[in-house]
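Before any questions on how it binds or moves, here is one chain, the form predicted alone, in structure tokens.
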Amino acid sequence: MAGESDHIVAETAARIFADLADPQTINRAKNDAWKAPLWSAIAEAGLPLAWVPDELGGSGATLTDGFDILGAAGRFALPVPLAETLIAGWLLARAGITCPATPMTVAPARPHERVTLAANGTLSGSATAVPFAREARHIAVLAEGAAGTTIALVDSKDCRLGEGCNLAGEPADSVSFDRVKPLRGAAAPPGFDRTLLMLMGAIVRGVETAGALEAILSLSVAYANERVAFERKIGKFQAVQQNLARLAGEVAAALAVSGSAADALAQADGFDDAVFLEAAAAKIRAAEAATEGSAIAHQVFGAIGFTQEHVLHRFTLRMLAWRDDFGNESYWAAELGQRIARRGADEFWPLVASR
């Protein structure tokens, strides 16, 4: 159950976002002048490094606090690397690395990509579609070498970036590590690997997606109660009511699975099979909800929702883009199936029933 401090963190984040990151205001902005004051405010509140202990330069908040921040960020379709900095800080903290107070991102962000650590301490390899790489001052990198897995902090200026964008038009850049010397690096905890990083990213994207779905449900209901067609508000038509009910069901499903995954991780000692099951299921179901929910919302709004001037696309395109980050639903469905198959038929029902 959430405590008073959890509510304070969530309310602080929501207040900052409402003041400085209103989706409608940002959608109408002619330039990026809004980004600096927004990042300054969230940094001053300690939100980007919430998952970093005090002694490593962070705020020392709980995992639950961080997920509350991410839920609020999803509800505002926050177009800055807050989630990426949270994950990067969390990753660096696993190795006891002091975190810089700058925007960060994390690499790799795709499950089959690999960065290697050479014997001389340099990094090689590449990562595609790294979120906000060109806007991040630093990159937290999970690298593999002969001695095991290493977590490293890299200056993004030392890497070669290939600019790219996701569906929402946000930076999703390729990053090449050509014998890059990390600023700092340390061995990852025993057993920590790319799968665990992908699991954390999957939960983060699931929580953000659930928040964005809440927002589009609110927008859709409000529009249906205002828009008049054939001398009636469209919300009075049975077909529209049915669509809104379906959308509400998708929102409820995404909130349930992402919240359950976040709680499972917050209460667990590590990434055990239960957390794997929750995280994989959350990414799969939240991605499905994003697809179905986006389609329903655009049906309710009609053609107006697709226009650049309307705010709806800020949520729907981001949700659809998040599907691919840290493993899409097809990847996690296959991984989940393989994990269950390895346990055997006798273990299937006890594992599912325990959740």
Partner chain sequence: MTLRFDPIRLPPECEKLRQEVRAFLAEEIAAGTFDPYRPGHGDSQNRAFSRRIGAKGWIGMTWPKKYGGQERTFLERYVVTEEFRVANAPVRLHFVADRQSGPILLKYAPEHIKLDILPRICRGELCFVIGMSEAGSGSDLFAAKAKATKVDGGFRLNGSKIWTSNAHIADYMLGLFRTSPPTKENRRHGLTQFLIDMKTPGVTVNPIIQMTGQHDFNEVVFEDVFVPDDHVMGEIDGAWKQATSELAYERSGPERFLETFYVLVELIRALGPDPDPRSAEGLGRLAAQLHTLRRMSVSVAGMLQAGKEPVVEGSIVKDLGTIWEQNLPHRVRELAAFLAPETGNRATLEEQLAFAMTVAPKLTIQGGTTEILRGIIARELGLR
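Residue numbers count along the first chain shown, from 1. These numbers were taken from a predicted model, which means no experiment stands behind them.
The form predicted in complex with the partner chain is left out here; the points below concern that form.
- Site annotation in the predicted complex: the residue of Ala118, Cys165, Ala245, Leu183 reaching within 4.5 Å of the partner chain with a heavy atom is Ala245.
- Between the options Ala101, Leu161, Leu277, Leu219, the residue in contact with the partner chain in the predicted complex by a heavy atom within 4.5 angstroms is Leu277.
- The partner chain is not shown here, but in the predicted complex it comes within 4.5 Å of a heavy atom of Ile340.
- At a distance threshold of 4.5 angstroms between non-hydrogen atoms, Val228 is out of contact with the partner chain in the predicted complex.
- By the criterion of a heavy atom within 4.5 Å, Glu288 is counted among the residues contacting the partner chain in the predicted complex.
- Interface membership of Ala256, defined by any non-hydrogen atom within 4.5 Å of the partner chain in the predicted complex, is confirmed.
- With the partner omitted here, the stretch from 147-155, 233-241, 104-112, 126-134 that lies within 4.5 Å of the partner chain by heavy atoms in the predicted complex is 233-241.
- Proximity to the partner chain in the predicted complex holds for none of Thr12, Asp54 and Glu170, with the criterion being a heavy atom within 4.5 Å.
- In the predicted complex, the residues of 307-344 lying within 4.5 Å of the partner chain by at least one heavy atom are, in order, Glu329, Ser330, Ala333, Ala334, Leu336, Gly337, Gln338, Ile340, Ala341, Arg342, Gly344.
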